[in-house]
Structure formats: C-alpha cells, structure tokens
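The chain below stands alone, shown as structure tokens; this is the form predicted on its own.
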Amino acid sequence: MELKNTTKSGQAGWVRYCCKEGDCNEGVRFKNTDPLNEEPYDIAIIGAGVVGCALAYELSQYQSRVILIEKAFDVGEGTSKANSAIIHTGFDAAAGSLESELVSSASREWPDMAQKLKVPMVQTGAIVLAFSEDQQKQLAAIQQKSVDNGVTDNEILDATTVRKLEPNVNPNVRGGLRVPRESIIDPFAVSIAFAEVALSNGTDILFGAEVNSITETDQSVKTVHVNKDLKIRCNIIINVAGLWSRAVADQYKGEAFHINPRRGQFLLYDKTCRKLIEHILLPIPTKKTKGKLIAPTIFGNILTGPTAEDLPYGSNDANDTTQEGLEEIEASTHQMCPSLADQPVIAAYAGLRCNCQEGSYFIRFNDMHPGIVTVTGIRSTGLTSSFMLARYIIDGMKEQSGLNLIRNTKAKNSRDESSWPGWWKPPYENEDKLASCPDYGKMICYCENISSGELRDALCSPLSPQTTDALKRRTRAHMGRCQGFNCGVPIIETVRDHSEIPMASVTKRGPGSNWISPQVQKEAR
C-alpha cells in the first residue's frame, strides 16, 4: 500500500475539541470541517491512550498524513492515567511472548527516550519479597524466568541483605530478588509528550470525537463517522481504543475477541512517608496478577496496589473505589511494610485495564478488511512497551498490508528543554526565569509549590488543555495533600480566564463534568 506524500512539510498539525460554543476556547473549538474534506488521511488512529499517542509519535517520523481521534478531552484519559507508573524490565513476563520481547527491548531504550521526551524518570530498582519458605523457594524460578526474558542483571538476596537495603520491610522477610533496572516515571507526561512531538511533525488531533460507525471498509479509502455528522476519510485505520476497542471493532465487523475491564484500586500516601522505602517492593506474583506492590513515585509519594477485579464487559466507567478493595490493599501491603499502617493516605483511586480473554497484546492486521488493524488486551506493561509496540505495529503493516513508508528527515523526535515540568525543575529556583516572569513566584498550589506562571505555561502548551484534569496532569496542581481543597477555585478561575469561557462552563474532564452543576447555575440566577 503506497501512501501519498501528503505530510505538511515543516508544518505542525492542528488540535481541535468537539463541543458546543462556550465549552472551550473558541480558538481550538472544532467548527470548520474543511481540513477533513481535503485529501484522505493516510492513517487514522482511534484512541489517544499511551499506545495511540506512541503510534502517532512513531508515524510522525515518516512522510504520512495522520489523524489521532479521541472521544475524551485529553490524551491518556483512560487506562493510561491510572497505572503503577513503573517502567518494567519484563523480568516476570511470560518468556517468549510478544509482551516479553517488547517490554524487555523498550526498557533498555527508556532512559534515552525519557530524555528526548523530557519526562522525569528515576531508576530505583525493585525487590521481589519472600515471606515464607515456599515463597523463598520460588525466587530461583523467578530469577530463571528473568534470565529467560533477557533480564540477567538481577540477584537473589538473603534476609539480612533485604533488611539492610529496606530497613522498614517486615522483619520476618526470608529473602528477595533484586532487579536493579526497574524504574519509576511520570505516567501522565508520556502520552502528552508523544502527542506533542507528533503534533509538531504534522499530526492532527481531534478531541471529543466519538466513533459512531465505519463505512467503506473494503475500499481503499474508508470513512470513520464521528459524532454522527463528521466524516474522516482515511486509507488505514488503527483501533487502539482500549476498553472501547470491541465497540469500535463492531463498527467494521472485526473478528471476535472478548474483553472486560479489570479494575485496579490504589492508595496514595503523603510525601512525609517517602523515606520508608527506596525500591519498588513486589510480592511473589500469581497466575492472575503481579500482586499488590509498594512503590515510590516520581512525585515523592508512596503508591500501593492494585487490586485485580474482573468486571462485566461494558463497565467502562466503573472506576470507583470500594471499602473492600482498599482494605485488601492495606492488608497485603502492611504485611510487607508494617510502618505504612501509621502513615496518612491522601488519595484513593481506581484504573480499568483492558483484559482480553484471548491473551494480552492481542493484535490483528487486516482484521476482516484490508488496512484495518485491531490492537487490544494491553494491560499494565503498556506504558513501558508503548513506543516499541508502535514500531511493531508499523512493521506489521509493512509486512502484512504492503504499507510503504518514507522517512521524514526533517521530523523531530524530541521536545525542547523548556518542556521539563515545573515540579521537576522549579522555575522559581531559576533567578533569570523568576526575574523575567514574577508569576513563577506566585503560588497557587501550596502543597506542590505550583505557581500561576506554571499553570499559564501548561495552558499555552501545544495540546491546548481545556480542563482542570488536563492542567492537573501537566503541573500537579490539585494533586497534593489537600487534593484541591485550597487551590481548587483558583485553578478553575485560571482555566476560565485562559479559555475565555464562563465559570460555569469549566469542566473537570470535558462536557458533562462541569464544576458548577446546572442546578446551582439555575438557583444562582
């Protein structure tokens, strides 16, 4: 399949939000369909999770016209925003599997990729802990599995060594397996960075766009119908819609596969307890789950979880926490580190992973139709493997769909130095920056020390975020100890002023999640 050289040479793509007038800044509201009526897109990516954004990033390195379609109001709004924030080595993956291959390869490239993307990442290492004689015996098998997966830089530790490295673990620990290259990362920034680079290379991004149907599936030019009245014509469709991938596949009558949400609940601890651990602490895994971990976060907190609760198909919004789930996390993690029981929890949340009965990393090229790719079953390692999986998909399209791509020698593969988040490199610590913009010294979020200048920078960043959640993921404002109790209103006002919309139109994550309810608006009148 020969793609036309339709890339906008040297030009950035556009970002638009599908919503009614007054719900977002008019400058980025989608109201002109002319760009969709030009030459067909070479590739339409459905789903802007971390894998979809990585695909956009990798495809933007070629001469191709690409559009990224997302039903939410920001990238990474689904599974990608609620994970363990770990870059895995793949030491415990199923040996010989595609997941093992991609995760292991990606883990070695991540230090360089994180620098290119300007995404904070720290190699902390992990220790798999054994608390019984039977678990201790399993360490050798886990180590061998690690070696089979190409992760040879590990070592079995005796109890004394484990307690020396981690003095606060349960004193009854019998040993452990140390995996030095396991790392922690800012999981939100990854999707954002991939999308921003893709945008700079000419990729178009459409938010608030729900796929209603897909027609002309057997033709060279297919049509993706979004929001009932918009038509996006393209040569190739890549379905990476996560928990919605089955619903999207139904639109083109793709072959059968069975998915369901697997809910993972988490507890987030205050920064005051960060000193309790140095490594990611892991239990002995089971056939179903890797178990409930204790991990330092790149932001200075401690994270525990997740649960693994299989929910019925279609429960895509069941991301609430439960008393039973949180108690289950506490029982497991307090057994590993008893000192956690005395520490303050500042937040609890849940994420939904895409569990596929046919197996993880389930990929079909030419799914019942030429030029349609289905990707599903990407669970906890999707963050790690994202760009390597994107390359695998591109190579698969070359081999199985006859896709012919030409490198764009002018394409960018990194973000500018100024893209490092302010919480990682505080601008108020830079005298020149502070002198040039006093707003960097005006704090809005005191828990995380985030200034009004940083909020402004985030709102002016390439994806033009329009919601308070989007702003939160870029700056950490609203994520500290008070969870927005003190800074909530100033943040809402900041979005209002930047987007030039009424206060009542400011939303948490897009239309329908307004901070001021319609009833309150009505009563205020």
Ligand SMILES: Cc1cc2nc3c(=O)[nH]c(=O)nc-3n(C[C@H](O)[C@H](O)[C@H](O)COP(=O)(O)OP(=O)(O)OC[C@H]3O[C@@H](n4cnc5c(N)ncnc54)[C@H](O)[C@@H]3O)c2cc1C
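Note that residue numbering begins at 1 and tracks the sequence as displayed. Because the structure is predicted, anything quoted here is derived from the model rather than measured.
Not on display, but discussed next: the form predicted together with the named molecule.
Within 4.5 Å of the named molecule in the model of the complex, a heavy atom is found for not a single one of G90, S104 and L282. Taking the partner from elsewhere, F188 is found to have every heavy atom lying beyond 4.5 Å of the named molecule in the model of the complex. Proximity of S80 to the named molecule in the model of the complex: non-hydrogen atoms within 4.5 Å are present. Within this chain, G325 is remote from the site of the named molecule in the model of the complex, having no heavy atom within 4.5 Å. Proximity of Y428 to the named molecule in the model of the complex falls outside the 4.5 Å heavy atom cutoff. Heavy atoms within 4.5 Å of the named molecule in the model of the complex map, among the stretches 164-172, 194-202, 406-414, 380-388, onto 380-388 alone. Of the residues A126, I302, A241, A130, just one reaches the named molecule in the model of the complex with a heavy atom at 4.5 Å or closer; this is A241. With the partner omitted from this view, the residue of G351, G291, P370, G254 that lies near the named molecule in the model of the complex is G351 [heavy atom within 4.5 Å]. Contacts with the named molecule in the model of the complex, taken as any heavy atom within 4.5 Å, map within 479-505 to F485 alone.
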